[in-house]
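Shown here is one chain on its own, the form predicted alone, set out as structure tokens.
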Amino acid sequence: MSTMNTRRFLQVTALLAAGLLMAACGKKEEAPAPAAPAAAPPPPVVKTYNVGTDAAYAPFESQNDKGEIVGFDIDVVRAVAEKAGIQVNFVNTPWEGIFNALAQGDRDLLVSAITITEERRQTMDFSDPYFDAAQLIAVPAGSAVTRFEELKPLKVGVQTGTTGDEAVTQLLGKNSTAIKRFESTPLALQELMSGGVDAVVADNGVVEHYIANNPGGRFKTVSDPTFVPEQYGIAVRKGNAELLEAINRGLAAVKADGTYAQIHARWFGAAAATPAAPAAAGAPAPATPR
């Protein structure tokens, strides 16, 4: 190789080496990518239970002007559900089919002023009682009636298929024309106000609520020791021990912290003296309870 070619070769080689050195110096070491944050655990799934209720029994359950289901039972179950950590959805369900809806799984639980009876315990389970009930007689303020027996010569209004209906039927006779039956207790009480009947026999809570909200009716109430005490419970499908335990846990909590008393005062004007105690097993119950 000539001297000139050697010199040119060395120059080119030097230039290439310099270029490689500059490229190497100019390259920055890439920082490692930050680790992705750990994914937060998904929130626990809270099941929503469908609650069947016959919304035609104020003040326990009824519909307001907006079509919303409201009432004492509704507020109690909402409070119980909150304490139990579950969600509830109320579904208006006719009384005639309410128990079938539970048995077939269309409803998960029921609250509808349902009297706890031994017969019903055979096909469904009940929570601890949440309301003590009894029949009550409503008569005009000037009536001389002081006990149930004195209704025999009178016209008596009742709601069809209720404990009041059964009691009055036993007193006056199955085919008595003196018994006037209505689709609801408020309709029977309206008939009393207009003079179409002389008395109405119905659940104490419904009668007292109606009289408190209709002072112009000038009614008075008469209790009678022959009326069998009743207790309302929340019904669940037979054998659903997990849901029943949650309901009872929530119910105990709302009784203990005063929530139950506040709800009672909201709907009946006074707090319950004491929470309802469970009925004794095998205790007698009305033949045709609400």
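Start at 1 and count along the sequence shown; that's the residue number. Keep in mind that this is a model prediction, so the values were computed, not measured.
In what follows, reference is made to the form predicted in complex with a small molecule, a form of this protein that is not presented.
Engineer: Decide whether T163 counts as a contact residue for the small molecule in the model of the complex under a heavy atom distance cut-off of 4.5 Å.
Structural biologist: T163: contacts the small molecule in the model of the complex.
Engineer: Using a 4.5 angstroms cut-off on non-hydrogen atoms, would Q159 count as touching the small molecule in the model of the complex?
Structural biologist: Taking the distances in the model of the complex, the answer for Q159 is yes, it comes within 4.5 Å of the small molecule.
Engineer: Look up in the model of the complex whether V168 has a non-hydrogen atom within 4.5 angstroms of the small molecule, and give yes or no.
Structural biologist: It does not: once the small molecule is placed as it appears in the model of the complex, V168 has no heavy atom within 4.5 Å of it.
Engineer: Just checking whether V80 would be counted as a contact of the small molecule in the model of the complex - the rule being heavy atoms within 4.5 angstroms.
Structural biologist: Flag for V80 set to no.
Engineer: Exactly one residue in V88, A84, L136, A113 has a non-hydrogen atom within 4.5 Å of the small molecule in the model of the complex; which is it?
Structural biologist: That would be A113.
Engineer: Can you pick out, from K220, K155, R120, R181, the residue that has a heavy atom within 4.5 Å of the small molecule in the model of the complex?
Structural biologist: Flagged contact: R120.
Engineer: Report the stretch among 229-237, 260-268, 247-255, 64-72 that approaches the small molecule in the model of the complex to within 4.5 Å, counting heavy atoms only.
Structural biologist: Within 4.5 Å of the partner lies stretch 229-237.
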